[in-house]
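Here we start with a single chain on its own, the form predicted alone, put down as structure tokens.
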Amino acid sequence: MADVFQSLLTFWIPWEFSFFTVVFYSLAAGLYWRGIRHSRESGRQISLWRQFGFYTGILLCYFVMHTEYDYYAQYMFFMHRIQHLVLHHLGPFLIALSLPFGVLWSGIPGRIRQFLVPYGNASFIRGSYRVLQYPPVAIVLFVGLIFFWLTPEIHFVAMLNQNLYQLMNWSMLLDGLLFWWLIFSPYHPGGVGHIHYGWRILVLVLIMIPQNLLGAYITFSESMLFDVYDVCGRAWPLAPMTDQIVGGIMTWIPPAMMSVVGILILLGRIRSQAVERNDPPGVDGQLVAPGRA
């Protein structure tokens, strides 16, 4: 039993230590904890489910980026695809669903908040954010990054260059956070969260199509697409084509399922809003004409 416990602890030791990664995740967890305390002192309660979602998302992302798991992600294609499934989908999905940004903001010390306010309100910052959150741009970025980093020639170089490898992982995480915040942020007509839930559902449907095609292509390909794992050697004695097939399935099925879950959550929000107004769902055109506010 002691050996198992020691092995589990050892697994959490970073494969390649990154000071920036430690600071990023520690800062996020610390600010959220401060924000929860501040909310309680102000008489506002953050539900346990939201806290659980945020910390689970943070922990999952840290786990695949900065533990021994990172070694297997560099030497097994299917483990790499699970890594990006967490960084681009599952982790940001849970974090965004917990609606953490108000809590994080309140966790920042007052003087620093005052210093940051002018920058947050700057037209360049707000304009850039709106461009990144414009649905067509968000779709292209979300799907395009997957295709870009899975282009065999680019993937080969990224897996052999540590700086490119880190850029690949961080770009997937940051884009995932932006995308899923677009999907789950509260709906405020005319405000930052101005995109109607109906349009968000359409976005989730649209991203499924190219992701499914890419995953199916990798899964059913009869040729070896990612030979970098043959060059570097695999962590486990798994047949190369089996590794590629499983990786293709990880690129195909779980992301599609998460889009479906996201759609169900948004449909639940639309229904809740309709019930609050004592309207039957769809009467105001929310399900029929998603662009109406």
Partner chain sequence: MSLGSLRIVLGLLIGIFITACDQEIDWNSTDISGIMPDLSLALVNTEGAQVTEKDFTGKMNVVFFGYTFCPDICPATLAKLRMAKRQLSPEQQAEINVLFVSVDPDRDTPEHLKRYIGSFGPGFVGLTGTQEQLQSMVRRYRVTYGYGKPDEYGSYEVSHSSAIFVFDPTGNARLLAKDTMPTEALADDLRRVLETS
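Numbering follows the first chain given and starts at 1. These figures come from a predicted structure and were not determined experimentally.
Unshown form predicted together with its partner chain; subsequent notes refer to it.
**Student:** Taking heavy atoms and a 4.5 Å cut-off, does Ser185 contact its partner chain in the model of the complex?
**Tutor:** Looking in the model of the complex, residue contacts with its partner chain do not include Ser185, since no heavy atom lies within 4.5 Å.
**Student:** So in the model of the complex, does any heavy atom of Leu87 sit within 4.5 Å of its partner chain?
**Tutor:** Outside the cut-off, so no.
**Student:** Can you tell me if Trp15 lies within 4.5 angstroms of its partner chain in the model of the complex, counting non-hydrogen atoms only?
**Tutor:** Trp15: contacts its partner chain in the model of the complex.
**Student:** Does Leu213 reach its partner chain in the model of the complex if we count a contact as any heavy atom within 4.5 Å?
**Tutor:** It does not: once its partner chain is placed as it appears in the model of the complex, Leu213 has no heavy atom within 4.5 Å of it.
**Student:** Could you check which residue among Tyr197, Phe78, Trp149, Trp180 gets a heavy atom within 4.5 Å of its partner chain in the model of the complex?
**Tutor:** When its partner chain is considered in the model of the complex, the option within 4.5 Å is Trp149.
**Student:** Can you pick out, from Ile209, Ile112, Ile125, Ile154, the residue that has a heavy atom within 4.5 Å of its partner chain in the model of the complex?
**Tutor:** Result of the distance check: Ile154.
**Student:** Just one of 256-264, 49-57, 30-38, 228-236 has residues with a heavy atom within 4.5 Å of its partner chain in the model of the complex, so point it out.
**Tutor:** That would be stretch 228-236.
**Student:** So in the model of the complex, are Leu141, Leu145 and Leu164 all sitting within 4.5 Å of its partner chain, heavy atoms only?
**Tutor:** Every residue of the spot touches its partner chain in the model of the complex.
**Student:** Which residues within 58-93 place at least one heavy atom within 4.5 Å of its partner chain in the model of the complex?
**Tutor:** Sequence-ordered list: Tyr71, Gln74, Tyr75.
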